[in-house]
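The chain below stands alone and is given in structure tokens; this is the form predicted alone.
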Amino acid sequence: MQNKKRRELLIGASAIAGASMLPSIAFAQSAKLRVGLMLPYTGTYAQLGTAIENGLKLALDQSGGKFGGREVDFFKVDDESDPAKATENANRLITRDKVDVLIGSVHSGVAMGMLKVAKESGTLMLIPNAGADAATGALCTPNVFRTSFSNWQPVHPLGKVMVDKGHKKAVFITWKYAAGEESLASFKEGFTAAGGTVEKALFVPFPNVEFQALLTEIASIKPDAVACFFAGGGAVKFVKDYAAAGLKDKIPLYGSGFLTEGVLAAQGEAAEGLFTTLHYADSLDNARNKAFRSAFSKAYKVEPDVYSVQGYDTGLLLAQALDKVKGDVGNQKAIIAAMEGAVVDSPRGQWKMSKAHNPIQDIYLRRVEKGDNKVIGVAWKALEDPARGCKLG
């Protein structure tokens, strides 16, 4: 009896010992990929954060629910579009949740705080929107990639477009914050190179939407045209106020594509005829875009926009890189090399990474026609951000 019990104990002990060894082997092969999403889920940019997440998850679904053969666990933090909380939030995802990949954000100030943490920790980070030039410029780092745009890109071709249409003297108006100031600098560079002159730059405190005094000033300056950078609710009010002031038919208005992106219904008749430049448009006539729009609207019961595309492309880039390393997130050198060499078959058209880890992409010229951003041409083919100050590559 004692021998039998002893044998049972020995068998049990060996089974426990064997079981204690198995999880480490199984974990190495099937552990879930830990992805940290640091996006705005409340406040002004909440809709944008949701669109990015939905685009990312559509790419995951189309990859069979796995990236690099690994299922995904998402760890989400509402960044509240508050740069003051960015470092703490990013550290929480990296140290508490031990994420393999950090994705975010919409607000450039938040993204810059995240970038600092990613740089210090060596965590792989993907930026699905924030356009701060420095992220892929002076503060570029090997483990950070952007899948959207730099603030320099969308508005740079606008200068040549306007000069080609006979406008040699322009006023630029924007909010007084980083994205507005970087857009102005890029527009001025492109406009001047094409032979134009910026008569005056006008600024509105962010996020103020009281434009009347500056519209009166524009009327007195009488430029050939006005260029601008506004987005969201501010863009709706500016376009409506511009038309209501009687300027629309006298001084043509142009803008970065964010002027009309996602807000055309609210702008109504006031937006008709506006020219904008952006790296995407709903009406892009390619098979990839049509398939994407159909799948997205079916999955989420809303029409996708540029933010959805950027989230989707973030997923496509991650899937492509992790497939190459068979899900081995520890092999960061190979992942970085895979992302640097990736060609992303996007709804916006194929694009690839610059040496600074920013998309080299077509910028489209769009005209508002019957409530739609209709593509009327390519404003600039394969535009690459100058990435000033970046030492990569």
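Residue numbers run from 1 along the displayed sequence. For the two forms, the rigid core is made up of the largest set of C-alpha atoms that agree within 1.5 Å on superposition. Predicted, not measured: the structure shown is a model, and the values here were computed from it.
The form predicted in complex with a small molecule is left out here; the points below concern that form.
Enquirer: Which residue, Asn89, Gln153, Thr276, Ser108, has a heavy atom that falls within 4.5 Å of the small molecule in the predicted bound form?
Expert: By the 4.5 Å criterion, the partner-contacting residue is Ser108.
Enquirer: Quick check on this chain: which one of Pro304, Gly315, Gly131, Gly159 has a heavy atom within 4.5 Å of the small molecule in the predicted bound form?
Expert: Among Pro304, Gly315, Gly131, Gly159, a heavy atom within 4.5 Å of the small molecule in the predicted bound form occurs only for Gly131.
Enquirer: Considering the small molecule in the predicted bound form, find the one stretch among 234-242, 113-121, 174-182, 189-197 with heavy atoms no farther than 4.5 Å from it.
Expert: It is the stretch 174-182.
Enquirer: State yes or no: in the predicted bound form, is some non-hydrogen atom of Tyr45 no more than 4.5 angstroms from a non-hydrogen atom of the small molecule?
Expert: Flag for Tyr45 set to yes.
Enquirer: Can you check whether Phe292 is within 4.5 Å of the small molecule in the predicted bound form, heavy atom basis?
Expert: Although the small molecule is absent here, Phe292 would stay clear of it in the predicted bound form, with no heavy atoms inside 4.5 Å.
Enquirer: With a cut-off of 4.5 Å between heavy atoms, is Phe258 one of the residues that contacts the small molecule in the predicted bound form?
Expert: Yes, Phe258 lies within 4.5 Å of the small molecule in the predicted bound form.
Enquirer: Wondering, does Phe229 line up within 4.5 Å of the small molecule in the predicted bound form on heavy atoms?
Expert: Yes, Phe229 sits close enough to the small molecule in the predicted bound form that at least one of its heavy atoms falls within 4.5 Å.
Enquirer: After fitting the rigid core, is the C-alpha of Cys228 off by 2 Å or more between the shown form and the other one?
Expert: Yes: Cys228 shifts by at least 2 Å between the shown form and the other one.
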